[in-house]
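For reference, the chain that follows is the form predicted on its own, supplied as structure tokens.
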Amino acid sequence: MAMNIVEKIFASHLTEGQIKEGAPLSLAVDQVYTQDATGTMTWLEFEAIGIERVKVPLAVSYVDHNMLQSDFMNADDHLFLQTAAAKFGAYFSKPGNGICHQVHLERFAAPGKIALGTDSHTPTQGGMGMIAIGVGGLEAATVMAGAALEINMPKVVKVNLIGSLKKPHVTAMDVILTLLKMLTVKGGVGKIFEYGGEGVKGLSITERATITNMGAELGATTSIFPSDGMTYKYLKAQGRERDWIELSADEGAYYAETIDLDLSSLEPMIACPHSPDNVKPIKELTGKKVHQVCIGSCTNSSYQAMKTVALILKGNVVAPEVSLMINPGSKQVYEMLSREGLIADMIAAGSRIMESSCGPCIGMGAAPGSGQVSVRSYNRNFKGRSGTKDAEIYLTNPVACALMAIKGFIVDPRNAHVDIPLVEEPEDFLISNALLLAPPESGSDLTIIRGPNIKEVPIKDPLSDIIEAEIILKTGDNVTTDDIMPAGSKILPLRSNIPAISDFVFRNLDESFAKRAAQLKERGGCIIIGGDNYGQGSSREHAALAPMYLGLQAVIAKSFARIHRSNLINFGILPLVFKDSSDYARVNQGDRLRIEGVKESLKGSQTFTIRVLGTESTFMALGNLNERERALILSGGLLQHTRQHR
């Protein structure tokens, strides 16, 4: 039978189930990687399971988010991660080695394999021809402890690329921005995007990775490209040609949908505040004043992208009222640019060169000024994510970013009157693993070092048969995990201290949320009402774990983003969807709800009758949980369930 790329990889990793759209699958996993903002909790959860050594073939612990060391907390977390990785059998990527997705692409990603990462942009590795999926930390911990990846088979959508991108003013970023304009941030929910067609052949691996990276903003489970001659060329340049296999779809393979995209017809695009799908042609915004430009992040910080930016800046000067920040994606990229004198060219132009880290993308420094316009080559522009609530954040390709830094205003690259070079990936990359530490053969004699900010993982009680709780908050559509659990330099260092970080839950939407939740905890806890696509964005499980700690019992929404729904289930919080979405308008913040026969409904039809106390009003909600998810909710979450069944 003809198979697409996704089906081929799933078939080679299938341990249980049937590769049929919507059916539950159990898949063996080849690689798991974490980053420090989610990794501290992941390793605490792995430790709580009680397994001595990771059971996946490869595990890597990266440090790239919490790089600012303004006090002891981040430094303590880095030491904890290094000693935990050594004890449990994972590689450790030290601070300064680079952004997890960029480094993983360089050193570990391989076609035909399956990887999980505790970051929503893990699909970056799909540019290498592998299935790479972002998950919550607890799910990653259980897979490292020997569990399979449990997933319902998504729809596979073919994106048929026609033509070529060989124009200097249009980059891979414009491909994914165009798709976001077409499909919106909800357009990929329940889907995997598989790229094919003649247009694929002209895209480098890092260009492909830009597209798969930002496919996360579509809400997609993941995205993937074929493994071809371009893949071999990149792996050979990285000294890893042994990892190459050819991988493509069979002729006549089935796809749930097909999208044709002519690369030759694309123009420079820009995402406007405050959503990655609020996309317009750059030409429509020409002339708007720019105060800050940021180039890098896991989306656009490859050698190819960075060298292009350096050559544009060479001999030019950043506009007087613009602050230009550049963060190369990895030590490899940084060192290669340095040895070629390109960092000097960037500095000479007036750039501020930052660490190889996530930096401003996650709100970790370089926040723009009050009401300022910041144009970035990043992947997200949610309100307040930059660290400045009233800033206007725009997303565009790195070429356009460099030109706007020079001009001081939004400019269409086609009309900038600046030479734009076409840069190819090199034949050989500079290989140095000085900041990448391999695990020892045994960790039995090693001690994990933990600072005073690192606390135990909180545990939820098993599910009650009656939930009676107050609606503490009613949200609109597309609420993000940044809204639920903000990031930034003040909050991220608390990631391993759930009691402390819980004070910031929903801080950007409702400053009194944590205080009110604590008060309601003794009265049965609380319930949240959500709109469509509740929990989009980051994979951060703290957006479920911290609300659970505060007493959240259930979220009733019109629909959920995939990763956040999984995280709610993993921490024993019941995710329900309105049977009739019009009932959303009938309930309000402050209403007290009662759900009886919860366990019976969960085990049976998963249809829940919900009473609004003090009125005659009732409405219906649905669970839509598979057998495994029901078991997790009944146990009180994935950690308890794993302990019971290991």
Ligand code: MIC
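Computed from a predicted structure; not experimentally measured. Just count from 1 along the sequence shown to find any residue number.
One more form of this protein, predicted in complex with the named molecule, exists but is not displayed; see below.
- Distance criterion of 4.5 Å from any heavy atom to the named molecule in the model of the complex singles out Ile362 from the list Ala554, Ile362, Ala517, Ile133.
- Of the residues given (Ser377, Ser496, Ser120, Ser223), Ser120 alone sits with a heavy atom within 4.5 Å of the named molecule in the model of the complex.
- Using a 4.5 angstroms heavy atom cutoff to the named molecule in the model of the complex, all of Gln35, Arg385 and Ser538 count as contacting.
- Note on the interface: of 426-434, 154-162, 267-275, 377-385, the segment with non-hydrogen atoms within 4.5 angstroms of the named molecule in the model of the complex is 377-385.
- Within this chain, Asp482 lines the site of the named molecule in the model of the complex, having a heavy atom no more than 4.5 Å away.
- In the model of the complex, no residue of 556-593 lies within 4.5 Å of the named molecule by any heavy atom.
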